[in-house]
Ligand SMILES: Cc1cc2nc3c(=O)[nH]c(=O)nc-3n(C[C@H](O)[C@H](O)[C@H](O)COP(=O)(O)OP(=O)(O)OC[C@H]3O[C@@H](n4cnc5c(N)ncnc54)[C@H](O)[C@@H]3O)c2cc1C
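Take a look at this single chain in structure tokens; it is the form predicted on its own.
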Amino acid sequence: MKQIPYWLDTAPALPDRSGKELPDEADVVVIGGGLTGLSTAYHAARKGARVVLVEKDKVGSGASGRNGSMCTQGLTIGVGEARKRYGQERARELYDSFREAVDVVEELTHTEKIDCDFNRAGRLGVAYKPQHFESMKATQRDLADNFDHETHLLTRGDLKSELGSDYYHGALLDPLSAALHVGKYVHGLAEAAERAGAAIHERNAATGLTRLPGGGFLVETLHGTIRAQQVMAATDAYTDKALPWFRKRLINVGSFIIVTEPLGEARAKALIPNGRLVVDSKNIGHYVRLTPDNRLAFGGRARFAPSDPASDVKSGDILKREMTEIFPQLAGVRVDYVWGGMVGFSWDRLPHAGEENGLYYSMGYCGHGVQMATYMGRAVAEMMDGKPEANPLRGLGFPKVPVPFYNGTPWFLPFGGAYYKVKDRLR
């Protein structure tokens, strides 16, 4: 069993972008080589900026290469909660930005000819309990009436044509959400950024940041110092102590995935006949999809613990047990991959982007990073170009985690996990 992300293992080999000499200065320095950073670098370079991206490992080695490879629509907090907080008009604006984000990913794959198996497979939100299905009925009406988004309600009987499991009580199908191979997408976006003129420096962590009196920043890295007019922090759940302001605003949660051995086309189609992206309605839920080579990828929180080799194996054991509860026909199937990664959550469960003391940022995607990181990279490039109105998240602030002395280490997660597991049992 391999303890590496399936998406990175099955993507084309990356070139070695380490060991290059840093220039003395740049117009823009991007810190972080995930989808946010690569998209920012790509869009800023296309505007003519001299862009240098520094990444402490390899591009896509963080959350961008460790996720479920889903490009889905919808707000983490739901449209009802968004309306309650911000009013209908602002809720619609936020919802539309998440919808447009999927379009931006699709456009990029076409424009830059990124071969990443992008496919509008559709998202199947499955109801863990009967009352969850009743809520889905109200959501479907709300989306159609107030958000101009047509979805399809599936009863438990209807669901048999979409899922080889009797575990759920119905579903809400969003036909516009997309699947892709995120490893190929990350690699393709890095190459597109380089074609646009951005320089990518891997294995070169940013270690310090100093704002200069005359404007701009001095960025210290493991392998030199570079002066920049503008700096973008694109580190999300992998933000380290060099950027403490952001660490106080992010709760980094482990998420884990197993991928089975190849099942063959017939067996794979018996599980998810139409290739949908499956996400269940539990608080501590699962996300499931087929891979392009007919394996099943099965992910979830599993344990409220950080990702490391030992933790990933323990989480994989939990996920395999849960997978066979939902799909008993997979009881004897071999698991070929297990891995984990960190997901950046904000306290209000929305992404945040803006400028803090001259430093641009976009973080806290709460599990919607594939599309929103790409979209927000484009938005930040526009913001750097003097267009603050390009930020769809403007005005939301970025609340601190309201825990005394919190510094980015979420010691309280096991207690929160226990609470939500009880909630899943009771409601």
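For every residue, the number given is its place in the sequence shown, counted from 1. All figures in this text were calculated on a predicted structure; none of them were measured in a lab.
Although not depicted, the form predicted in complex with this ligand is the subject of the following passage.
Colleague: Does any part of Ala205 reach within 4.5 Å of this ligand in the predicted bound form? Heavy atoms only, please.
Modeller: Although this ligand is absent here, Ala205 would touch it in the predicted bound form, with heavy atoms inside 4.5 Å.
Colleague: Determine whether any heavy atom of Gly377 comes within 4.5 Å of a heavy atom of this ligand in the predicted bound form, and answer yes or no.
Modeller: Judged by the heavy-atom cut-off of 4.5 Å, Gly377 is well away from this ligand in the predicted bound form.
Colleague: How about Gly341: is it within 4.5 Å of this ligand in the predicted bound form, going by heavy atoms?
Modeller: Gly341: yes, in contact with this ligand in the predicted bound form.
Colleague: Taking heavy atoms only, is Ser255 within 4.5 angstroms of this ligand in the predicted bound form?
Modeller: Result yes; Ser255 sits at the interface with this ligand in the predicted bound form.
Colleague: Go through 378-386, 62-70, 43-51, 391-399 and give me the stretch that gets within 4.5 Å of this ligand in the predicted bound form, heavy atoms only.
Modeller: Every other range fails; the passing one is 62-70.
Colleague: Between Val79, Ala242, Leu290, Ile251, only one gets a heavy atom within 4.5 angstroms of this ligand in the predicted bound form; which residue is that?
Modeller: Selected residue: Ala242.
Colleague: Kindly indicate whether Asp57, Asp236 and Gly369 are, all three, within 4.5 angstroms of this ligand in the predicted bound form, using heavy atoms.
Modeller: Yes: Asp57, Asp236 and Gly369 each sit within 4.5 Å of this ligand in the predicted bound form.
Colleague: For the stretch 5-43, which residues lie within 4.5 Å of this ligand in the predicted bound form by non-hydrogen atom distance?
Modeller: Going through 5-43 in order - heavy atoms within 4.5 Å of this ligand in the predicted bound form - the hits are Ile31, Gly32, Gly33, Gly34, Leu35, Thr36, Gly37.
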